[in-house]
Structures are given as C-alpha cells and as structure tokens.
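Below sits a lone chain in structure tokens, taken as the form predicted on its own.
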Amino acid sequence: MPAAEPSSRKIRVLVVDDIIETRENVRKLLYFEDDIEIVGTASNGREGVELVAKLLPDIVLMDINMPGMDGIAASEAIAAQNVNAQVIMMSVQGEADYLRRSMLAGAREFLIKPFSGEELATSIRRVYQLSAARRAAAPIAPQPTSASAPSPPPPPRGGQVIAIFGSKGGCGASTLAVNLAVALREDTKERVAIMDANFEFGDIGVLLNLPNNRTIADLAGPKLEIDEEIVNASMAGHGSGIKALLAPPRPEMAELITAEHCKTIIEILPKMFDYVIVDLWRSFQEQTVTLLDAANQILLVSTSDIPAIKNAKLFFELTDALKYPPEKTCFILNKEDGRSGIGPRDIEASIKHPVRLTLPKDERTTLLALNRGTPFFMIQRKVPLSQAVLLLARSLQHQETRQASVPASAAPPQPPQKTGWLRRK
C-alpha cells in the first residue's frame, strides 16, 4: 500500500508561561500530534510579544498570570501587531472576570489548568480552523472597471426569520424550535438554520445532541469582523440537514454577546439560509429586542396555566409598545390536553389575541426524543404532535409566499424610533 500523502503544513504554536514545568508539560502533551508543532517558548508576556513578531506562530498558548506583562496585556499587544496569531489563554483560575477580560483582549479560547492533551489539541485545531476561515473570507480589493461594465446583479431575497418566545419556563419553546426547524427542512428541502439565543443556558445543543465546540461565542470580540464564512465556520451541522448556531458553552460567556453582535448575525443568516429559527430567552434585554425586530414572524408559545397566560398578555403589551403589527406575532397554545379547565376561547378573551394553533400534549413522545437527543419529528413523524408541527411549518411557508406577493409600495411604514428602555441603538 502506498504511503499516505503528507498533510498540509503544521499548526505553529508558541507557548508563553513563566513556569518552566508548564512549558515542558505542554510540549509533552503535543509531542504526538502530527499536525501541531511548537516553534518557540517564552517565559513572560513581553518576550512572548517579541517572539510573535519574529516567529509568526498560528496559535499562542498564553498564561494569564505572569510577572511584568501579564497575559491580558500581552494579548492586547499581539492584537495590536495586526498578525494572524490567535491567543488561547491558560489559567488555573476559571472566574468569569478572567474569562471576560481574556476574550475582550482578543483571546479566542480559555483553558483551565490542568487540561488533557486531547482538550489542548482540540482547542488549537478549532481556533486555527476558525482563523483560517476568517483569512479566506478577508475582502479582496476591488479592481477598477470600465464605465461600460455591467452593474452587479441585485442581491437575492433574504430568508425568513422566525423568532420563538416562550411565555414561561417549561412551555416547550425550545422543543418546538428544533422540531419546527427539522420539519421545515424535510418538507421544503431548503436551507434551514436554528440560532440558540438563550446565551446563558441554551438547550438547543442538548436537544440536537451536538457538541458545543462550535458556538456563537466564536463570533464574540470587539475586533472581529463577522461575515458569512466566519458564521458558517461557527455553526454545527446536524444529521437532519439543518445547521445550528449554539449558545456559548459556559454561562459567564453570555455577556460577550452584545446587541451589535446579534444585529450583525441576524443580518447575515438570512443571506445564507431560507429559514432561520431563533430560540429566544425569556427577557426583553437589548439583544432579545434586536432579534425580535429582525423577525418576519414571532411565535409566542404558551401553555394554558394562569402564569403562562399572564406572561403572554404582558408580551403582547410589550410588542404593542414596540409598534409591531398584530399579524407579526402568532400565539401558539402548547401541551394542550383539555384538563386545565381553561380553553382556547377563554385565553383569547383574556389576552385579546387569537390562538392560531394548538399543539397536543404528548409527554411520552417528547420525553423519548429528549432522552435520545433526537427531535421527535425525526423518529415519530405520524403522531398528532409531529403532524401539528408540520402544519405549522406549512403555514409559515404560505405566510412567506403571501409576504413575497405584496408589492413594495404596499409595504407598511417603518415603526417610529423608540425611546427609553425599548430604544434600539
């Protein structure tokens, strides 16, 4: 059998740590990784910054606590050099403040000592791959064209953004989100994405049984220019054919995702996908309002208990304050079995909005899907619950067709600028 062809060039790594035993331990952990090589070591931050300019590594493994110039200051200095070196911060301390300061300084990953060789190698490869995607997506300077050159074609029509908001915890909004995404993919064969916008405790990764080594945290950072290639590299693929932009792997990383990040991401995703499902957290923080603003359709998911109905009513009051047209929000009654004593007509009378769809309660189906990490639409397509989700998916397709048929002159006027706590920047 012929020998395997050599792989592409190795990932060049610089290790910066004031403890010699740590530097040697990292060298041992990476010794058998054929695609990674250590090109140098430094014993303090200042020396590390100098070696980055000299050796041009792909990855810098940086200790956070060092005498003189610490890892935070060294990371900022490396970022100011405008080189392609990506920093992975190392620390024995995992406090949220260390993590936040590291990411704001330009670090792309945060490893807590002690770590395994597998954890280290995986982090290095992932950060390197994301960096390669950013370099590949770097804009190319436009070439001069003659005056007679044809104008570029108009951009394609963007995909539909569907935001899902649960009126309270346990109403099944996230479960509906993943199954609706799968149903749209199977029924339309079009491109479907799901975005987990519960940045602290998102469940989309668990419901789809996806590892959290690619998340929206990869798009955080004040100096990162987000584009389609970078977003795509930060998404995880699922066996159903959908792609997922998962929540950060740790709750303290949620604060790294700003409203400006959300605005940029939700402008890019519809250019890449025909349907974008956004699973929202139950809040009206600026990030959430930014995503609600961008949605073509909001699905408000509730159950028939009093607290959920009360919160649904408050939600409609807030969307009225945001000047959303009534048809933008679709009220869905989930887990309905007729035993609560509160029927859809009673709910409509209370919240002054129609119940557009009722999803039957099916604990056996949902629990089986949850334990398997597989959406129930994939494993029990014929049960009434799956058929109700399919009905919802098809109604959203018809909604998109109706919106596309409205002439531009008939488009509703833009809502006025909000003030106070509802104001968008």
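Residue numbers run from 1 along the displayed sequence. Keep in mind it's a predicted model, so treat the numbers as computed, not measured.
Beyond what is shown, the protein has a form predicted in complex with a small molecule; the following relates to that form.
Student: Just to confirm the contact call: exactly one of 263-271, 305-313, 342-350, 162-170 touches the small molecule in the model of the complex at a 4.5 Å heavy atom cutoff, so which is it?
Tutor: Going by heavy atoms within 4.5 Å, the stretch is 162-170.
Student: Could you spot which one of 281, 110, 331, 128 gets a heavy atom to within 4.5 Å of the small molecule in the model of the complex?
Tutor: Residue within 4.5 Å of the partner: 281.
Student: Go through 288, 215, 86, 174 and name the one with a heavy atom inside 4.5 Å of the small molecule in the model of the complex.
Tutor: None of the others qualify; the residue that does is 174.
Student: Residues 118, 249 and 252 are flagged as a possible site; in the model of the complex, is every one of them within 4.5 Å of the small molecule by some non-hydrogen atom?
Tutor: Per the other structure, none of 118, 249 and 252 touch the small molecule.
Student: May I ask you to state whether residue 366 is within 4.5 Å of the small molecule in the model of the complex, using heavy atom distances?
Tutor: Residue 366: contacts the small molecule in the model of the complex.
Student: Could you tell me if residue 357 has a non-hydrogen atom within 4.5 Å of the small molecule in the model of the complex?
Tutor: No.
Student: Spell out, yes or no, whether the shortest heavy atom distance between residue 29 and the small molecule in the model of the complex is within 4.5 Å.
Tutor: Heavy-atom contact with the small molecule at 4.5 Å: absent for residue 29.
Student: My question is simply whether residue 46 lines the interface with the small molecule in the model of the complex - judged by any non-hydrogen atom within 4.5 Å.
Tutor: Residue-level check for residue 46: no, no contact with the small molecule.
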